[in-house]
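In the form predicted on its own, a lone chain appears below as structure tokens.
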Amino acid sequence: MFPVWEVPNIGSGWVIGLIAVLHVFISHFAIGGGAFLAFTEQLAYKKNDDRIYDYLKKHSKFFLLLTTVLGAMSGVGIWWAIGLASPNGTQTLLQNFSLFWAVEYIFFALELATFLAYYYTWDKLDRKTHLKLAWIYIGISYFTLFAINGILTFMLNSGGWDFTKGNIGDAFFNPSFWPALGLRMFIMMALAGIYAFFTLSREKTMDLDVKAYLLKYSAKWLLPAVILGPLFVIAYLFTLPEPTQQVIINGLSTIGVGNFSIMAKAIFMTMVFAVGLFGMVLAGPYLNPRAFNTSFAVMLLAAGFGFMFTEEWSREMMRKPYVVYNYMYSNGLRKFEVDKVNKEGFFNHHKFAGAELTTLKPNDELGKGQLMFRYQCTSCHTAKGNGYRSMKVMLATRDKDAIKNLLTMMKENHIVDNKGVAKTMYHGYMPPVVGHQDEIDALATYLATLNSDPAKTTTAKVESSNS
């Protein structure tokens, strides 16, 4: 158990999400863009075309600065954010996959070293040898994808992994491993083409015929994602646990009546960005390469980022209410601990929450409830204002009794009958509320103040402190 990192208004989850999407948008280019350099240099070598070589030298400089500076910084940022926002989940991943992390870091160091050698040996090595460096880089970088993919898919589908046995092979090569690997490869290829549009748009002295040829060539890098991507998406969805599939189906089924769930919004926006991006590429760099400019290229980058944002958002929504599926909830509570915590009491079980409780004045019901909210709810909710999943907004006009009934129902939302049917409507969406009844009542007391009159809330706090 660890202390909780609170981020007002946006919540800690959004901090992770924003850093992660930026990193993924760059790191996917680090792999797909490397393949683009290799295949395009192979094309230049075959054609013996100095004009393509000149472009690749400039493109590789852009690649170097973006992936090794901003990409590396955002990678460090992810570890910083997840370590603060989800320390229990981070600990689980580090403990279970320590060997895979070590291998991934070794190959990441080799990846950086290889690309530095590639970039700084332009015109110093013969073209055939320099091309070999590009292919070596591809092999190394794809191995880093291979290593990280097993860990990411494990979080959404732990497969046959059993934490009591430590069968790490089953965890790494989980059912979603191969479909997710193929899907990410297609996305990486598409991003390689999108980034190439940007650097090509900046070419002012390039021969227009060569520029038009390279723009059309770059547009074709999106074709695998368009043709094969949907098949891998379907295959990926079928490998997800059945409860997760049901959440997706329920979310999509609301689209027809206009009652969008968060899941439906995320998936729908992903599809919109994907279709819109392909249409923009077709209408712009592929069919009208001579009219293509930097403004259009920036729009494509923005659309690509929008796709990655909603795609990652969809993936995170599919994982709810877990950090690691069927093992650890999003607030760090392990599934097998639920009954124990309900028996012992939350503050007796969580040493940091319990330590904070001792700093409160006796009978401080609001303070106690606020601690319950901080440690059990802030991983997914903010308290006041219009922040991310604000409880002030979501609870609306519910009074204390209504909130108590809601929390009582949520306490049982992990319980299923002998046929596997969930006992509450929140099963599959939110972790259960845990603790003794007086602790849950304190949480209800605190939540009821979020929409109450500020003057009354202040009076209540004073009376609580004087009691």
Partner chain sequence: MDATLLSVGNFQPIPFPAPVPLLQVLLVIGFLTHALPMNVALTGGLVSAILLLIGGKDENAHATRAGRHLAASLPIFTTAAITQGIVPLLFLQVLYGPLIYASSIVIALPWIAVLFLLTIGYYGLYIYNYGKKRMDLMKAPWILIASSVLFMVVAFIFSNNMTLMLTPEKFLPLYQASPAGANLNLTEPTLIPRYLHFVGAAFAVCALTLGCFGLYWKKKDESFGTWLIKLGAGGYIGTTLVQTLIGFWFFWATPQGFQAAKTTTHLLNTSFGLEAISLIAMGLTVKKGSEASFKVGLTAGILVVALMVVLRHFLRLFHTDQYMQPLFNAQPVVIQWPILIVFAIFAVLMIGYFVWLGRTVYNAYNKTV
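Predicted model, so just to flag it, every value in this text is computed and none were measured. Numbering follows the first chain given and starts at 1.
Although not depicted, the form predicted in complex with its partner chain is the subject of the following passage.
Heavy atoms of every residue among 65, 90 and 121 are located within 4.5 Å of its partner chain in the predicted bound form. This chain is displayed without its partner chain, yet in the predicted bound form the stretch 111-119 from 234-242, 286-294, 111-119, 304-312 comes within 4.5 Å of it by heavy atoms. Looking at residue 220, you'd find every heavy atom of it more than 4.5 angstroms from its partner chain in the predicted bound form. Its partner chain is not drawn, but in the predicted bound form it has a heavy atom within 4.5 Å of residue 77.
Contact between residue 282 and its partner chain in the predicted bound form is not found at the 4.5 Å heavy atom cutoff. Residue contact with its partner chain in the predicted bound form: residue 21 places no heavy atom within 4.5 Å of it. Proximity to its partner chain in the predicted bound form, defined as a heavy atom within 4.5 Å, holds among 395, 275, 125, 299 only for 125.
Note on contacts: among 199, 270, 96, 342, the single residue with a heavy atom within 4.5 Å of its partner chain in the predicted bound form is 96.
In the predicted bound form, its partner chain lies within 4.5 angstroms of at least one heavy atom of each of the following residues of 317-354: 327, 328, 334, 336, 351, 352, 354, in sequence order.
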